[in-house]
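Have a look below at one chain only, the form predicted on its own, in structure tokens format.
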């Protein structure tokens, strides 16, 4: 595993930033992207949306087709070039930019560009807490939630930052459940290549979560929410899902702050 990419000087509040909406937001979770932008603008950031953005390159990277992945990443390097931080409402996409892209470019001429983008890329909660310095979230969200810690958030400040923000929201109760740090079983192409194992992992996760009787399942990764949500709905269980950004946004609205 590569060493963590050293981050550039941390931006200050009211910082201009480039927003990566992600493919899953585009296809399934458009409100999560909208909520992330509202949250960032509430914090005083100038959010710029590069219109030429496509994918972070992770699907091909995880499938082992690094040649195809590099084509996608090279486009991303061009679209998100500059000095501004790049913020995504996705631990998975951020992990690809910070760790995956530099790994697959180790022997490529564009390695310096990949390292530069890695140094400027942040997951939303990590950015809010560890760059903007926001450690307490205003607003109100009077519900019990279960927070899923995604595998791709490991090695970053995402989980700790998300839990710090969530635990500070008035009325919000964080549910404790068994095997909190275990994988949901999705893993992108893993769920296709090994469907039985993936389903068993997902069902185990769902059993632990539902035993805690939360009102919402929340995560900073939409791939996990998509996978678990499909299994929850197929089983006929009632457990709404929200992206972290939606909880932050909705708590501001409930508190009359947005």
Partner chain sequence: MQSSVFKMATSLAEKRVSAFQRDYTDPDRLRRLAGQIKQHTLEHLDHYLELVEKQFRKKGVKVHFASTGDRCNQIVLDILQQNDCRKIVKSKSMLSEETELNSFLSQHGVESVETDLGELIVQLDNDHPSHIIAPIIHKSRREMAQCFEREGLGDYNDEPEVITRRARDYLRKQYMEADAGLTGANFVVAESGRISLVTNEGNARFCLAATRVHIVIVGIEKILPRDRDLALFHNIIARSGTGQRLTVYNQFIGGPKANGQPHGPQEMHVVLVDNRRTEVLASNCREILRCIRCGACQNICPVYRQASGFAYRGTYGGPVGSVLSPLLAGENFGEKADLPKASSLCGACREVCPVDIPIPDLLLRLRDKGKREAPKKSGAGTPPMGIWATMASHPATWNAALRLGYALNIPHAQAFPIPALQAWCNVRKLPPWRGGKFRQWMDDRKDSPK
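Here the structure is a predicted model, which means the values were calculated and not measured. Residue numbers count along the first chain shown, from 1.
FYI, the form predicted in complex with its partner chain isn't displayed, but the following is about it.
- Across the options 130-138, 161-169, 113-121, 174-182, residues that bring heavy atoms within 4.5 Å of its partner chain in the predicted complex belong to 174-182.
- Under a 4.5 angstroms non-hydrogen atom cutoff, its partner chain in the predicted complex lacks residue 148 among its neighbouring residues.
- With a 4.5 Å cutoff on heavy atoms, residue 61 counts as touching its partner chain in the predicted complex.
- Not displayed here, its partner chain is kept clear of residue 83 by more than 4.5 Å at the level of heavy atoms in the predicted complex.
- Interface membership of residue 144, defined by any non-hydrogen atom within 4.5 Å of its partner chain in the predicted complex, is ruled out.
- Contacts of stretch 176-214 with its partner chain in the predicted complex, defined by any heavy atom lying within 4.5 Å, are made by 179, 182, 183, 186, 187, 189, 190, 191, 192, 193, 194, 195, 197, 198, 199, 200, 201, 204, listed in sequence order.
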